[in-house]
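The chain that follows stands alone, in the form predicted alone, written as structure tokens.
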Amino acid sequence: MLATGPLTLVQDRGRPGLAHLGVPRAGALDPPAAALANRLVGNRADDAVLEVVLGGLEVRAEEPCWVAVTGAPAPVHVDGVARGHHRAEWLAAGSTLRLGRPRTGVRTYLAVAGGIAVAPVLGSRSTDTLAWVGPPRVTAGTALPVGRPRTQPRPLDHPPVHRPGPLRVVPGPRADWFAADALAVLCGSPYAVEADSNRVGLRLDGSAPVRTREAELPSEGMVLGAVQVPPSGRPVVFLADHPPTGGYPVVAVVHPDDLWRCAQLRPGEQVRFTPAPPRPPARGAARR
């Protein structure tokens, strides 16, 4: 590892199911991008990749290998020659790959055939930045082991399709702690992403949903995508490294299919919310 930019982490699908032990789930903040990178080089979807914040990564291949880059569109160069996104690229032994600053988005993913084979912690190779469970952040001089490739690289059979527009939300478990129009307020105006947003939460500046209950709320379990409203009134969308519990009311929860988009929002960018449409009735459900 020659350079790592602002922040480079090892991530896989995370360690869900350990919240009762106080362990955040962690995992790639943009799961579709990480899964695509793995698929392109023939890995399993849960193999570990590098999550790179705002480019600046520079790595040297000690052995020949296939790699793929997805996520935020950072310029890719191998030994000074431009390479592409969303496809497998061959690195000869001794070659150097560089990622520049992405034009848009925040997080770029680099997969290597065989996966990043650091030692798992609690069943995952993900780095949790809240408690720093898992492998340490990647720094210059780090040598990362790579597993044995499983299959040949795969071409991209169809380009990624991303749904534009506002983030869909459903009412949260403490929506009754707010005025009746709280969800309408949340969905009625844009919010600006604040500079202290991170893998724990997307912090937003904008209209504050009005609380109607001012009592202290005991700590309770928090789900991925929970939109918590602290005393400042500025909503926080909890992401992969969020704490298992929280003490402020949750007014809404972001639809899981939209959460990856929070990984690619930069400070100052605007984000909007919209009510998620009701789920259609299950097939075979009785009609009244």
Partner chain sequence: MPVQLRPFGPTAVLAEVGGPAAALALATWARASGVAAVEIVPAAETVLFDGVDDVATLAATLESWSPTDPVPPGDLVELPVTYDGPDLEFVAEAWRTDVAGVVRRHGEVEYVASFCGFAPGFAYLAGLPAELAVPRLASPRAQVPAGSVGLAGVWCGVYPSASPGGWRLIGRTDARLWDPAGDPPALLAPGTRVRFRDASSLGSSTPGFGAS
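Residue numbers count along the first chain shown, from 1. Source: prediction; values computed, not measured.
One more form of this protein exists, namely the form predicted in complex with its partner chain; it is left out here, but the text below deals with it.
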| property | result |
| --- | --- |
| 263, 41, 57, 253 - the one with a heavy atom within 4.5 Å of its partner chain in the model of the complex | 253 |
| One residue of 210, 131, 140, 195 in contact with its partner chain, assessed in the model of the complex (non-hydrogen atom, 4.5 angstroms) | 131 |
| Partner contact for residue 229 in the model of the complex: its partner chain, 4.5 angstroms, heavy atom | no |
| Contact of residue 267 with its partner chain in the model of the complex (heavy atom, 4.5 Å) | no |
| Its partner chain contact at residue 65 in the model of the complex, heavy atom, 4.5 Å | no |
| Contact of residue 222 with its partner chain in the model of the complex (heavy atom, 4.5 Å) | yes |
| Segment that reaches its partner chain in the model of the complex - one of 165 to 173, 104 to 112, 90 to 98, 184 to 192, heavy atoms within 4.5 Å | 165 to 173 |
| In the model of the complex: members of 1 to 38 within 4.5 Å of its partner chain, any heavy atom | 16, 17, 18, 19, 20, 21, 22, 23, 25 |
